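Encoded as C-alpha cells, the following chain is the form predicted alone, with no partner shown.
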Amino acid sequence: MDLQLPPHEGAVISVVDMHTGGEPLRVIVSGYPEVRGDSVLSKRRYAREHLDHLRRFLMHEPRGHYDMYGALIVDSEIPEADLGVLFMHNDGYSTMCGHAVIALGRFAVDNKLVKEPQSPETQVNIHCPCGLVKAFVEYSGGKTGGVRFHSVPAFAFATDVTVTVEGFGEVVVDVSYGGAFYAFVSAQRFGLDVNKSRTRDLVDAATAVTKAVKSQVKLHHPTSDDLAFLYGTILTDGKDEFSSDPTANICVFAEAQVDRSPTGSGVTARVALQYHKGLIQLNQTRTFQSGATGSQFTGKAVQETKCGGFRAVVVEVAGRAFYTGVSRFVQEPDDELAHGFLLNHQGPFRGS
C-alpha cells in the first residue's frame, strides 16, 4: 500500500531515526526553515530563540517522548568541516553529544555528505557547538560499521568539591568537561547501584546533585561563555582506577532525561577526569557500560593538549549506531496537541 500524507498544514518534516547503545537519535533531513547565524554557536542561539517550537514538535509527545534526542544538520563556518550539527533534547540544545556523533558518522557516509568513502575507515569532520570533532567510520564493501571519534580538548574542571544536596546533605563531587560539563559522583554515596537500583531513584539523586552544583559551583570555559553550563550528573559504580573490566555509569541530563547509552561526551569527561587523577594513562582503553541498558562504549586518552589554562586531553570514544526507521511528520490544523507535550517525571502534564 502506498501511504499518502494525511491532510495537514505547514511544512512536512522528514527524519531518519537511529540509536547508539539504545539512546535514540532523530536526524532531521528536510522541512526545517533556515537556521540563521554566521557560526554553529550563533545558529544554536537562533534555533533556541526562533525555532524552539519545532524542537518541541519533534522531541516531545506525541511524535517523540520524554527521553528523545535529535540532531539538525547545518552549515559550518569551518572549511574542513563536512557538516555542522545542532543537538536537541527535551529541554533545549546541547553543545556536544557523543552518541549522536557516532550515529552521524554513519549517516554522513551513507548519505554522501563526505567525499568518496575510504576503506578501512572514512574520516568525517563534524562541527559541533563545542568545536570540531573528528569521526572515523568503518567502511568496507560499501557498508558502514563502527565509529570512533576524537573529542575537543577535555579537562577536569574541579575535583573534590563539596556541595549541599537537598535530601542528602554534603556530597563531594567532581566536575569535568567533555564537550559539555558534568558532575560525577559514585551512586554508592546515595546507597544506590547504577546497574540494579530503580531508575527513578537514580534520577532523583542525580537531579538533586545537578541542582546543587548549578547553584553552588560557578563554571567557566576558556573559549566561550555559551559552553559554561552544567549539562547533567553522571552517577558511577565508583570503579575509577584502570581495569580491563567494564565500569558502569548512568547519565541524567537536561530536564531529568536518562541516557540509554554510556554517554559519549560523558565518557569523554570521565576519561579526562581519570587521566587528571593519574588513574589512567595515555592509550589505555577502558570499557564503559550503561547502567540503563548494558550497552558499551570504549574510551581512551590519546593526546595531551591544553584548553586555556586547563591541562586537557583529546579522548577517543568508540561505539556502534544502528538505523531504526524513517518518518515524515505533519500537523493537522485542528490538533490542539500538535505542538507537543511532556508527561513530566517530576509532576503533572506540561504542554508546549
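Residue indices: 1-based, along the sequence shown. These numbers were taken from a predicted model, which means no experiment stands behind them.
What follows is about the form predicted together with a small molecule, which we do not show.
In the model of the complex, no residue of the candidate spot (181, 236 and 272) has a heavy atom lying within 4.5 Å of the small molecule. For the chain shown alone, residue 94 is a contact residue for the small molecule in the model of the complex, at least one non-hydrogen atom being within 4.5 angstroms.
Among residues of the shown chain, residue 105 is not one whose heavy atoms approach the small molecule to within 4.5 Å in the model of the complex. The small molecule in the model of the complex is approached by residue 69, whose closest heavy atom lies within 4.5 angstroms of it. At least one heavy atom of residue 253 is located within 4.5 Å of the small molecule in the model of the complex. Comparing 260 to 268, 169 to 177, 72 to 80, 120 to 128 against the small molecule in the model of the complex, the single stretch with non-hydrogen atoms within 4.5 angstroms of it is 260 to 268.
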